[in-house]
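Both blocks below hold the same protein chain, though in two forms, and each is given as structure tokens: structure 1 and structure 2.
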Structure 1
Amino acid sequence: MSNQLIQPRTLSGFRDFLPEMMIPREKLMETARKVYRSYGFVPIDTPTLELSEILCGKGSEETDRQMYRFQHGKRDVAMRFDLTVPLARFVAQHHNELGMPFKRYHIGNVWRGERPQAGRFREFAQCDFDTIGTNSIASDIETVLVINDLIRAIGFEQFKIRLNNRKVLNGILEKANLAEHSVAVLRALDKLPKIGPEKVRLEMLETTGAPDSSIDQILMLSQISGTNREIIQQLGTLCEGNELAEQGREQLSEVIDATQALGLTEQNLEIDVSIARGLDYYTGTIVETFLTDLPSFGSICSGGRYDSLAQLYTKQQLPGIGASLGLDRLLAAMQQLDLIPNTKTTAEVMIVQFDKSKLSEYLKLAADLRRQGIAVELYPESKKLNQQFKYADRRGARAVIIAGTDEFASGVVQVKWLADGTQTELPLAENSNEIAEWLKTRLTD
């Protein structure tokens, strides 16, 4: 064998998760699972690799270009670039077994060969939930409630869910005879917060060639402001006479009424008539979610209602609504906000190996504590005490248990609390119950 070492490195755009990042990442996933499950969403998983034919079916040119696609044997295969296309294929394929309505969540990695840049990776986790097979407004309301519960459970109170309805936009476009220019108009409208109404107006005039009066009708959307109820009221005039727009306004109103009754205020849920989210896919309610402390970070949880999830794979009409938590993006946001604790351990308690001949006693003590629900690490070697303490410190352990021949002889241990260096003597008797109780009290402080 050659002695030439292979340089250990990762591919550009890919990364390792070290424990200090993977611990909060696992916690985020656990939190998402818990919230989704509390609403009866059920987990599924789909393959990383699918036939390119399946994955390319729905993608835009851009996603097609970004796909990791290759030949495997005789097959043209690709790695999934989102969790929505696999969901569509999945539901079309297993429709009868699943039964409708079907509420699923899916936490998994996706791959996109984008140009790597700060905070953008080629492999990242998404965390989707969808309710399929129903047009009921109850699911739109529930989607907003899930996002609210989710972001709160993760630990944020300062966030804003922005709500809109594509029917309002599409109806107003119809009213202004701009339906055929919807793509250009919505694209311009999306820029409203960035470039302001005058530049949006110019862009619309240029791309549509429509008369000023039509553009004015659309731009009245940018004048709308106030509380959610005030916005709904102001939308009244704008939507009047167009069935689609009125339906959209009514749906916005139902979502606001129901969520307000449950305590969601403008603090966390705000109608924003300018958001359009994708140009063809969504057909009703749309949502985006922003962290108040990182306004320019972009939406961390977005989604909306669609009329037809799986039309490429089945004739079955499958309406639904869902949203996707950008889990790794949220993790990056939390890192920017300094919300990631510097913990490198899953065990807050460490037992030092003070005396090698007492290994069985240390193992017994550790087993006792684990049985009582305390995660505990036994330092694997009987090295010098200061080295063992350094290890505990570095990893963020909170308590260290020390016992040598003298302690075992008198049936006690010393527990050192690392934050203040205090040391407490506790009895070993009765399956270490007293030590466990003491630790539990201190660790939950």
Structure 2
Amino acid sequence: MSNQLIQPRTLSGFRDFLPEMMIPREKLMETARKVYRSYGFVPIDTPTLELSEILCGKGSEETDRQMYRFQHGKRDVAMRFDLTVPLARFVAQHHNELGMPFKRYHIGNVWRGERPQAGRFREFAQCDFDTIGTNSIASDIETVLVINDLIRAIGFEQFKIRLNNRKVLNGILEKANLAEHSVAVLRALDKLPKIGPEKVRLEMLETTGAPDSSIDQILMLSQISGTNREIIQQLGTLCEGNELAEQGREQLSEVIDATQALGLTEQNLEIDVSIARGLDYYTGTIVETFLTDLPSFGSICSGGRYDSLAQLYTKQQLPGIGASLGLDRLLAAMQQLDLIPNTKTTAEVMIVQFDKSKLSEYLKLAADLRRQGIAVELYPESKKLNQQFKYADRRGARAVIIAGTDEFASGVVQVKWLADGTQTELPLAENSNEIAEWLKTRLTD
């Protein structure tokens, strides 16, 4: 048997999460859950592995290429590349038990074998919310409102939700006689912010073989600008004569009217007729969300309406709309903006072991404080105080509680605030109520 050590390493595109990153990551998940639940969305989960036929051909050629797919015995299986396609299978399988409309959220990992780059990994978490079983524009409006509330709850004020409707795009494609090339055109349009209009134009010409005049109509659409109302007005001429495009324009107008009435301004919500969303299953409203301070970083929360996706699995009509917060992309953006606090602990208070003979008293003090909502860590050994203080500081604790034989005899503790070194004496009364109240006040400052 070889004694050679195995080098500890992770695969390219995969990573470990140390506490200083996992703590804010879990906080983002908790924030998303709270916002989703406030709108009545309920949690579900689906398997990591699906039969390949469930996943293949449901996203795009690119997602099919990136899919982790393999044979397990006689079964052809694949790892989910998003949470929306498994949702379509889920509601098709369980719709009689669920009742419609059904509002769900799902926080879980997905896998895509794409080239790793800044903010993009091969394993990453998504925080999805979706409404299934209704065509009502109210669900489209609510989707925008949830995104707005979610980004604000995370702590951002400077962001843009970009809104479009695939019916406008698809209708104008029909007018330009490019409907049969819609997938190629929409994918090219999706690259507009990255490669610019001229390269997008060349890609469309190469993939469609359409005349310049048809391509120019599409690019004309993508370059419309102005206020939300001005864009809707300009779309009137372009959409005129095509029922699908006109319907998409009307839906855009309804979303803008409703969200504006609820206080969303163009500072945070704007129509952008150039966005197309690369996945093939979108059929109506589409949204992408960008941080104003990192405009080139890419979307951190995207989604849209997909009225036909579940029909691949059932004859039941199950239209849907939803969006996904790209959790790990958002964390990467927050790192760039230096918005992630450097902490390695979930307990902001640590009790030092000054006297090992008082272990039971330390344990009781910690238990009393936890019962009153204070997260407390007890240092496990009676080491030198400076070693315990260094540990607390390195972990990111804010306060240290010190009590030796004399303090216990006098019925007091010393609380040292690590940020400035100040020390306060507090009475060690029954259940440690005064200590807990003092800590609650200081910890929320």
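We call the rigid core whatever largest set of C-alpha positions still superposes within 1.5 Å between the two forms. Keep in mind it's a predicted model, so treat the numbers as computed, not measured. Along the sequence of structure 1, residues get numbers from 1 upward.
Can you spot the form predicted in complex with another copy of the chain among structures 1 and 2? Only structure 1 matches the form predicted in complex with another copy of the chain.
2 Å or more on the CA of I215 between structures 1 and 2, with the rigid core superposed, yes or no? Indeed, I215 is displaced by 2 Å or more.
Using the core for the fit, does the CA position of D257 change by 2 Å or more between structures 1 and 2? No, shifts by less than 2 Å.
Core-aligned, is the CA shift for E203 between structures 1 and 2 2 angstroms or more? Comparing the forms between structures 1 and 2, which are aligned on their rigid core, E203 does shift its C-alpha by 2 Å or more.
Can you read me the CA shift for S225 between structures 1 and 2, rigid core superposed, in Å? Shift of S225 at C-alpha, rigid core superposed: 2.3 Å.
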